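As structure tokens, one chain now follows by itself in the form predicted on its own.
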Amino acid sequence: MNANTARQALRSVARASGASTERTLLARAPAAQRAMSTLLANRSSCSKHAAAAVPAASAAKQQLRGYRMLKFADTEEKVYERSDWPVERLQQYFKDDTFCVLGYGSQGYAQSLNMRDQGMNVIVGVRKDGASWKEAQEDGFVPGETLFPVEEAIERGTIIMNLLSDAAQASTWPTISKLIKPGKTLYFSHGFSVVFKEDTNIVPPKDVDVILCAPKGSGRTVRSLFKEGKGINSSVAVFQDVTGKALEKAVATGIAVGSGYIYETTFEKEVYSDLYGERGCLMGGIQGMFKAQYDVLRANGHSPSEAFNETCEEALMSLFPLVGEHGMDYMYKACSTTARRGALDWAPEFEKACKPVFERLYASVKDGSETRRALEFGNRPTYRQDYDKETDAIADQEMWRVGHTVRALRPDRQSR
């Protein structure tokens, strides 16, 4: 099975098991989170997917804040939380709006379903009869009612959510821009297109609000955390405020698409930090470090299983979860004194070795080199096949082939 076929199979399984998965997650959710999960369990099966029942707690009984000021280390920042935007408040706030989601990829899929589950009026705009059109239909969007060609969807929508790929945003902008009329809101989940306008040629109309909500994770994570009654952290930004309400609208939309809490940034800072992080610790850096450590172990006579377990499995299954839940200091304290001593001694060495790479990386993001590279690649007619070729090559590395066998040995997978 090639990578493309595998991805499609996984997506089909996810859709087919959606209802039972949501019931399982609901059973596991803490009591404080069940109000959101109840929305999912009670969804209507009719074609229009009527809004789910609202939580029992009345909005009138809640003390609604605009935001909280929290200290992050020594810096105070505003934080917006989902508790200040209960479902009934969202529904009232957006009662006259239609969210038009352009594109049904990772973020389009997640954000549209999360909004629909909370009773928002959501339509999807994609190329008629294309792959995304069929996927949206599988998820319950109905042609002529909630699923339209791009141009018609924009005309019907009030909040235009441009969630096409970065390359597609640039290539379709000449058509889309003419349809963004006064009174509409233009929404992005990435500052890429607007910040690097010299390369994308995307300059928003002067007479509309232009906002951003960027979930800090893949669309799959945005969706799964929402279904668990949790919520991903996201950033919001305002590029253009015509109505005087653009920030409030961005925050409310951020909660509607599945955020648990939200902090403020700018379009420019969002895209710089995002491109930098993906290429660094979030994805590129991890693959590079894992591969280097694995290869050195193998070159020194260690077996494939030992090299993988000491490089990837222990990190992903034991140590990284401790860091995520409690912090690096806690993880250090949870390990043996010998491991702690070595980690403390070698961390500065890795910092010293890596910092010049990170400095070059940030400079490459800031000067637009990464943008031009991404656009050039994304505009190739064969970009999907080319990406698959590179990611399939990673899958074929011994390290990750070993990983398939190791993961199958996990006790929780034995019964699958």
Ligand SMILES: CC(=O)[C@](C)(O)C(=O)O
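Keep in mind the model is a prediction, meaning the values are calculated, not measured. Start at 1 and count along the sequence shown; that's the residue number.
Unshown form predicted in complex with the ligand; subsequent notes refer to it.
Listed residues Gly140, Gly260, Gly217, Gly285 were compared with the ligand in the predicted bound form; Gly217 is the one with a heavy atom within 4.5 Å. Among Glu88, Glu248, Glu81, Asp274, the residue placing a heavy atom within 4.5 Å of the ligand in the predicted bound form is Asp274. Contact check for Glu278: a heavy atom falls within 4.5 Å of the ligand in the predicted bound form.
Only one of 217-225, 261-269, 177-185, 298-306 lies within 4.5 Å of the ligand in the predicted bound form by heavy atoms, and it is 217-225. Contact residues in stretch 66-100 (any heavy atom within 4.5 Å of the ligand, taken in the predicted bound form) are absent; none meets the cut-off.
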